[in-house]
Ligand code: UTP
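Here we start with a single chain on its own, the form predicted on its own, put down as structure tokens.
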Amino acid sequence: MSRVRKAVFPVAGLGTRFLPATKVIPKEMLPIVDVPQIQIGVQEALDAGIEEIVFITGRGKVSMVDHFDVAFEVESYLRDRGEEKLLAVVEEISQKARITSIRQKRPLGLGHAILCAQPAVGDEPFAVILSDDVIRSEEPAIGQLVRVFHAHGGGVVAGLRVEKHALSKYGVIDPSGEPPPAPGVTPLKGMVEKPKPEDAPSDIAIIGRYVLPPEIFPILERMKPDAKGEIQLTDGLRGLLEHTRLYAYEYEGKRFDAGDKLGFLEATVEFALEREDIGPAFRDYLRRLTDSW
């Protein structure tokens, strides 16, 4: 079985939920404290052994790609002033990974964005990371899915148990009923996109981590757009089930929906509290703030 060496980041979205901030700033560049969301996702991939990052971008995303390039002026400025710690942080960003950028000229859905990655991915399995889903975990979340993929093959989606009333916001897995091949691994017979809570086939939602075989590409290529004119990954995964097994894995870690304002704030607070440089002072501030309320 081929090793998973590449991770696809669909980052062509407009980020309308964060307007006006995202009018000229890519939503993926909004920082959790001082680290852009996209950098958190890229670091997760690298920590999992991924070697190449494929950005599927859109108009106005140049600054995001530039973020991972050499910043000669900034580096020279810091070097001349002896700011060695900051210099190391900036230099590390540009040395993190091999970056490939492919333009998705029109926003035609997540399935289409992944199809755009085919020239860079080629005939090998690959990971997909949605950077809006920020996951804090001891073992990288995408690495956990890669481990399941290498053990069982097929394709793997990240599963998250959610409360029944929230199921209508997610794609939800439809278990096959077969015995789990390992703890937390559920064989699938299908999935349902944003079901009514009473109609949901399970309480396990699909969130933004996937490990997929290259067979997904011809399936996406043959698919007809939906009523919105988009090619949906969920439909592609249903088609993939006709050719191979598909599993959901309930990863270990805490997920923040940083594409939502409340989730973004929750991630910022919890990441800040973990920081050695600002965590203690920030914790004291929150205590004082709570007392004042």
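What you see is a predicted model; the values in this text were computed from it and never measured. For every residue, the number given is its place in the sequence shown, counted from 1.
One more form of this protein should be noted, the form predicted together with the ligand, which is absent from this view; the next part is about it.
Enquirer: Would residue 175 count as a contact of the ligand in the predicted bound form, using a 4.5 angstroms cut-off between non-hydrogen atoms?
Expert: Taking the distances in the predicted bound form, the answer for residue 175 is no, it never comes within 4.5 Å of the ligand.
Enquirer: Within a 4.5 Å heavy atom cut-off, is residue 213 in contact with the ligand in the predicted bound form?
Expert: Contact with the ligand, no.
Enquirer: Mark residue 17 yes when one of its heavy atoms lies within 4.5 Å of a heavy atom of the ligand in the predicted bound form, and no otherwise.
Expert: Because a heavy atom of residue 17 falls inside 4.5 Å of the ligand in the predicted bound form, the answer is yes.
Enquirer: Taking 4.5 angstroms as the cut-off for heavy atoms, does residue 109 touch the ligand in the predicted bound form?
Expert: Although the ligand is absent here, residue 109 would touch it in the predicted bound form, with heavy atoms inside 4.5 Å.
Enquirer: Go through 39-47, 237-245, 66-74, 22-30 and give me the stretch that gets within 4.5 Å of the ligand in the predicted bound form, heavy atoms only.
Expert: Correct option: 22-30.
Enquirer: Which pick from 86, 130, 99, 162 sits with a heavy atom within 4.5 Å of the ligand in the predicted bound form?
Expert: Only one listed residue qualifies here, and that residue is 130.
Enquirer: To verify the annotation, which of these, 220, 206, 135, 113, has a non-hydrogen atom within 4.5 Å of the ligand in the predicted bound form?
Expert: If I apply the 4.5 Å criterion carefully, the residue I get is 113.
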